[in-house]
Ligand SMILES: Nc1ncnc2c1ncn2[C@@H]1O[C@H](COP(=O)(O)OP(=O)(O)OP(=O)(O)O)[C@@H](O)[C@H]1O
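This document opens with one chain alone, in C-alpha cells, the form predicted alone.
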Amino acid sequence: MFIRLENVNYTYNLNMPFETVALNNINLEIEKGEFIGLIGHTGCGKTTLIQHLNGLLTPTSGKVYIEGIDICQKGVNLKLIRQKIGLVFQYPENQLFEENIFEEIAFGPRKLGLTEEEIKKRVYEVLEMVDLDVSYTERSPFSLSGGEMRRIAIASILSLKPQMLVLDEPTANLDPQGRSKILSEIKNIHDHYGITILLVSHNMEKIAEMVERLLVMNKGKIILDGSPREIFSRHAEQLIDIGLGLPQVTQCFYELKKRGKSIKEGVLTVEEAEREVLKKIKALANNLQK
C-alpha cells in the first residue's frame, strides 16, 4: 500500500473559541499508479486532507502512512516524504520567483545536490512532460500566459521526480484553452509516466472523463468512494441533495430517466450521449418500418 490514512481527524484552533473540525474520521488507501479525483464543496476539507499526504499538516488524531512509514512519528524525514508526494497548490504561479524558467525548474534538483549535468537533464525532461519547448528555458516565467506559468509550476514539482502528484484546482481562473491544455498534460503525465495523480476539482465533466476513481467529501468526511460511473449513476440523488450536482450530460439523462424515458443511466460524456441518442433513433426508425 502506497498511502494509508487511519481514523484521521483534524481540528483547526483546537481548544479555542473558534475551533473548527475540518476532517472527521478519514480512512483512505491509495495504491501506486491510481488516477483519483476529489470533489466536494468549498470548505468541506479537501485542501486540509491533501496537506496531510506529505506532512504539511499532521492529524489531531489518527495515523498517516507513506509506504508503511508513519509520517507523524518523531524523526521521520519529511523532506524525503515531500519529494515522493508533490503538492501543487491553487494558483501555483504565485510561487514562481526565479529570473528564468531554467533556474525556476532547476531550483529543487539543485537543492538535492545534483550535478549541473543531471539538473539540465531533468529540466529538459520535465519541460517535455508539460509539453513546452526547451527554448523556454531562457524566458522569464512572468512573460508567459497564465496556463504556461501553471505548467512551469507543475514542471518544478516534477523535477523532484515525485511518485505522486497532488493538484488542488489546477485550472482555477484559466480560460477554456488553458484549462484544456493543463488537464491534457495531467492525463499525459499519468498515462505515459505512471505517476499517481490526485486531482481536486469542481469540474464535474472533466473529472468524469479523466479519473479512474472518485472521492466525494462533505462536512469533513469521505462519503463516497468508487468509479465515476458508479458514483454519478448510483448516487446521483445524493450528490444533488448535497448541492454538488452531476456532469451536464449525466444530469440531462438523469432527468429523462426520472420522467419515465427508457434511457441508459450513468452517461458521462458527450460521445456516450451521442451514441445512446443515435441508438434510440435507430430503434425508433426500425419500429416505424414494421
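So that the term is clear: the rigid core is the largest set of C-alpha atoms that superpose within 1.5 Å between two forms. Keep in mind the model is a prediction, meaning the values are calculated, not measured. Just count from 1 along the sequence shown to find any residue number.
Keep in mind that the form predicted together with this ligand is missing from the display, and what follows is about it.
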property	result
Every residue of I30, I66 and T250 near this ligand in the predicted complex, heavy atom within 4.5 Å	no
Residue contact check: G178 to this ligand in the predicted complex, 4.5 Å heavy atom	no
Close approach of H41 to this ligand in the predicted complex, 4.5 Å, heavy atom	yes
Partner proximity in the predicted complex: L144 to this ligand, non-hydrogen atom cutoff 4.5 Å	yes
Contact of A22 with this ligand in the predicted complex (heavy atom, 4.5 Å)	yes
Segment assignment from 109 to 117, 145 to 153, 74 to 82, 204 to 212: heavy atom within 4.5 Å of this ligand in the predicted complex	145 to 153
Of S184, Q90, Q95, S135, the one that lies within 4.5 Å of this ligand in the predicted complex (heavy atoms)	Q90
In the predicted complex, the one of S233, T58, S227, T47 near this ligand [non-hydrogen atom within 4.5 angstroms]	T47
Stretch 3 to 18 - residues with a heavy atom within 4.5 Å of this ligand in the predicted complex	Y12, N13
Q73 C-alpha shift between the shown form and the other one of 2 Å or more, rigid core reference	no
After fitting the core, P141 CA displacement of 2 Å or more between the shown form and the other one	yes
Outcome for the Cα pair P59, N94 in the predicted complex, compared with this form (closer or farther; change of 3 Å or more)	closer
